[in-house]
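As a starting point, one isolated chain is supplied in structure tokens, in the form predicted alone.
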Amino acid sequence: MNSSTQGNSNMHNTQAFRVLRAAAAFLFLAGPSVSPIRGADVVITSENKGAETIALGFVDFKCAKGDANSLPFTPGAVISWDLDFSGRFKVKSAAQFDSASKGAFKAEGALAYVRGEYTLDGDNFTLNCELIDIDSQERILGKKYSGKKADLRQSAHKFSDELTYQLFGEKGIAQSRIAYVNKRGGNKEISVMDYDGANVTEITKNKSINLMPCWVDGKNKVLYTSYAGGQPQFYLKDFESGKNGVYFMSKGMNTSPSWNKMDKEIAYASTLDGNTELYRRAFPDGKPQRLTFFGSIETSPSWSPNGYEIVFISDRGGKPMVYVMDRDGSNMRAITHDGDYYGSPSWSPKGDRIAFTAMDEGNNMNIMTLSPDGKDPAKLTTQAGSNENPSWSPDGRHIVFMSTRTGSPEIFMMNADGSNQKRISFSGGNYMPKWSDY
């Protein structure tokens, strides 16, 4: 960040915290269980909002009661990871708040710091999280959570999201989840994990082939292709009802589902009429509407965030290329023209970029993005091997993908520009990740 941008950022930070301070006295007197002020009151404004960051101090959370070693994590470490990965915060950590840490925080431009404590009592927990003004020591934000110990990590994520919303007026992604395929022996099962790789849950155990998970209805349902019944059909896992079974049956193979939250429908590839073509279908009980008729292979649809267009892969020109069409199949046009292979396109929730897999000159698979009109291509990964299956975070600031850079397929995440690449799975044989909505 250059000095001019840093100065503007500090100015916006100061303005934001002044607004927060106006409510601090009420919050301080009312107690930590009181909900913080509305995010509409505390919004960072900038012509280049995506580049805005806030410097924050961060003091290690204390375990006030119970055995902290009984947990494989600390809630403070979870929150610190969330804030750092979000790209919205510049976090400076310290073991405690004293004159030395205060000076270090202020040297980074921080006007406030996060602190907290938690208790563990049998299977239960309490968690107190606060945002404190560095100079006045007034409490700007305070939240208290309690419940079963198994929910402590999720409560830490919740505070991260609430802090993001209060300071930026936008939702945080710390409570989002990732569905993916894991290969165990000869089977391919669907699993779900928190966005940081924790709390892995296997949602299929049918010892078959299960592929291409797709989140439906926020983060409440996962639609996927399964060979459990022999022929590949769509199955649906509903986390609210607990049901997990066939979504609908049809002749032919059904694959590559994509959710359109604007109109509550899916686009997908199917051999319903013989060739692999694209269809759309209202959720949950609509009838299939065929969108492509060229006779080539069309697959891997992904909706634009406004629900007006679909990006997909077609080999109608002889090689798999990236195409875009209107929701009814009209106005079809290629947005890639060179190269030998493209796959798994994914439209950003912001609408401004499309991520996809491309084969380079060395036959390596890497992640690229470009604008929906085919301009301004950007290569995000450069590692040898395979980097595939990009899927955007719900805020459009990050991408999750599969990479074989460590020898076995694993799940990685990165910023939308390719920076800050992090590995979040470690068991081997993990691929086809799909990021949930908020």
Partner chain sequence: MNLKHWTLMGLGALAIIGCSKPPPPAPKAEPEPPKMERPEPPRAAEPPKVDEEALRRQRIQARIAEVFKPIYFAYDQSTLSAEGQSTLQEIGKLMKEVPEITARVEGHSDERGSNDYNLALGERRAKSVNDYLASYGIQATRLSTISYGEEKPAVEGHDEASWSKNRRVEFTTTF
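Numbering follows the first chain given and starts at 1. Because the structure is a prediction, the values reported are computed rather than measured.
Quick note: we don't show the form predicted together with its partner chain, though the next part is all about it.
S.K.: With the partner removed from view, which of 133-141, 99-107, 222-230, 193-201 is the stretch that lies within 4.5 Å of its partner chain in the predicted complex, judged by heavy atom distances?
M.R.: Contact criterion met by 222-230 only.
S.K.: Test of understanding: in the predicted complex, would Tyr341 fall inside 4.5 Å of its partner chain by heavy atoms?
M.R.: Looking in the predicted complex, residue contacts with its partner chain include Tyr341, since a heavy atom lies within 4.5 Å.
S.K.: Would Gly87 show up as a contact with its partner chain in the predicted complex if we use heavy atoms at 4.5 Å?
M.R.: Close contact is absent here: in the predicted complex, Gly87 is far from its partner chain, nothing within 4.5 Å, heavy atoms only.
S.K.: So, in the predicted complex, is Pro305 in contact with its partner chain at a 4.5 angstroms heavy atom limit?
M.R.: No - in the predicted complex, heavy atoms of Pro305 and its partner chain never come within 4.5 Å of each other.
S.K.: Using a 4.5 Å heavy atom cut-off, state whether Met359 contacts its partner chain in the predicted complex.
M.R.: Answer yes; at least one heavy atom of Met359 falls within 4.5 Å of its partner chain in the predicted complex.
S.K.: Would you kindly say which of Ser256, Ser176, Ser155, Ser348 lies with a heavy atom within 4.5 Å of its partner chain in the predicted complex?
M.R.: Flagged contact: Ser256.
S.K.: Taking its partner chain in the predicted complex as the reference, which of Ser393, Thr381, Thr369, Asn389 has a non-hydrogen atom within 4.5 Å?
M.R.: Contact check passes for Asn389.
S.K.: Can you tell me which residues in 406-438 come within 4.5 angstroms of its partner chain in the predicted complex, by heavy atoms?
M.R.: The stretch touches the partner through Tyr431, Met432.
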